[in-house]
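Take a look at this one chain, the form predicted alone, written out in structure tokens.
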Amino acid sequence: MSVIDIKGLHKHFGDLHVLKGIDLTVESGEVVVIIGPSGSGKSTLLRCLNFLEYPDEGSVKVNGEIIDPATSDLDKVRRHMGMVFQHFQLFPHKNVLHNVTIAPVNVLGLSQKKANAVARNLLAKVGLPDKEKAWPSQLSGGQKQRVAIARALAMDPDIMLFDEVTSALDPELVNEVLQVMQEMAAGGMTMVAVTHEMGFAREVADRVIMMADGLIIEEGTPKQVFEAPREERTRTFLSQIL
């Protein structure tokens, strides 16, 4: 069953036509990795999925419901769709436990006791059981990103969106974040990830999508896209980064 169904999606920023008619379906439990050069529209597509950006044309259907920014409850849509960004966006004046529990308490209505239990379980899952009292300033970049993942998971989303979550990290910290994502994928979480980590795409993705100039120019299994790309643009891109 498809949990995301996009048809004819266009997005402009002024005169810049960033998305030029995107069609994309994501199935429940599927891991879709989006690759492509900078400026190809990857992050904008992700932000249109949870309406941090409003599409100019086309439709976005989530869990079978067409989402209309004018009439739909976007907060409810976003509750089902966790998003983790390149820059961790933790609250610097709150400790790790509070960062993870603030949304479940204030949005989902969980008691602080229940939210704390959920948060501690998630912090253990992302390998940070001993960091609940730490401040963001005391964490490495990889630790901050794992807290951000735990915070998104605390809302019990159906779908997780990842926007270049390792690109701001030192190389030695990348694997600890990718490992958490890999474990989530193995657990059946539906995921759409924009990344330059081709090893992750090869090993974890069910489907790889190549974007260029606001279009999806190629998609297929990791084996198809990496070993036998059909498009010259894809071959050129992969030759530059592999």
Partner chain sequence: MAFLTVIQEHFWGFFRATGLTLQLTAVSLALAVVIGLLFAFLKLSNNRVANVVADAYIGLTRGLPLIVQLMFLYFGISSIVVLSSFWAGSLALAFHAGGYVAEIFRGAIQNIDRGQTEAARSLGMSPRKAMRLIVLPQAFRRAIPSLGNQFIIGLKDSTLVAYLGVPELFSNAMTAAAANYKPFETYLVAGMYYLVLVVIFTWMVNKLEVRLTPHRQEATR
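Residue numbers count along the first chain shown, from 1. This structure is a prediction, so every number in the text was calculated from the model and none was measured.
One more form of this protein should be noted, the form predicted together with its partner chain, which is absent from this view; the next part is about it.
Asks: Only one of 145-153, 111-119, 166-174, 124-132 gets a heavy atom within 4.5 Å of its partner chain in the predicted complex; which is it?
Replies: Stretch with heavy atoms near the partner: 145-153.
Asks: Even though its partner chain is not shown here, does it sit in the predicted complex so that Ile4, Asp23 and Val32 each have a heavy atom within 4.5 Å?
Replies: Checked in the predicted complex: no contact with its partner chain for any of the three.
Asks: Within 4.5 Å, heavy atoms only: does Thr71 come near its partner chain in the predicted complex?
Replies: Contact check for Thr71: no, nothing within 4.5 Å of its partner chain in the predicted complex.
Asks: Since only the chain is shown here, I'm wondering whether Leu52 would be in contact with its partner chain in the predicted complex (any heavy atom pair within 4.5 Å).
Replies: Answer yes; at least one heavy atom of Leu52 falls within 4.5 Å of its partner chain in the predicted complex.
Asks: With the partner left out here, check for me: in the predicted complex, does some heavy atom of Asn106 sit within 4.5 Å of its partner chain?
Replies: Judged by the heavy-atom cut-off of 4.5 Å, Asn106 is in contact with its partner chain in the predicted complex.
Asks: Residue-level contact is defined here as any heavy atom of the residue lying within 4.5 Å of its partner chain in the predicted complex; does Met81 satisfy this criterion?
Replies: Yes.
Asks: Which residues from 67-93 come close to its partner chain in the predicted complex, meaning a heavy atom within 4.5 Å?
Replies: Heavy-atom contacts within 4.5 Å come from Asp75, Arg78, Arg79, Met81, Met83, Phe85, Gln89, Leu90, Phe91, Pro92, His93.
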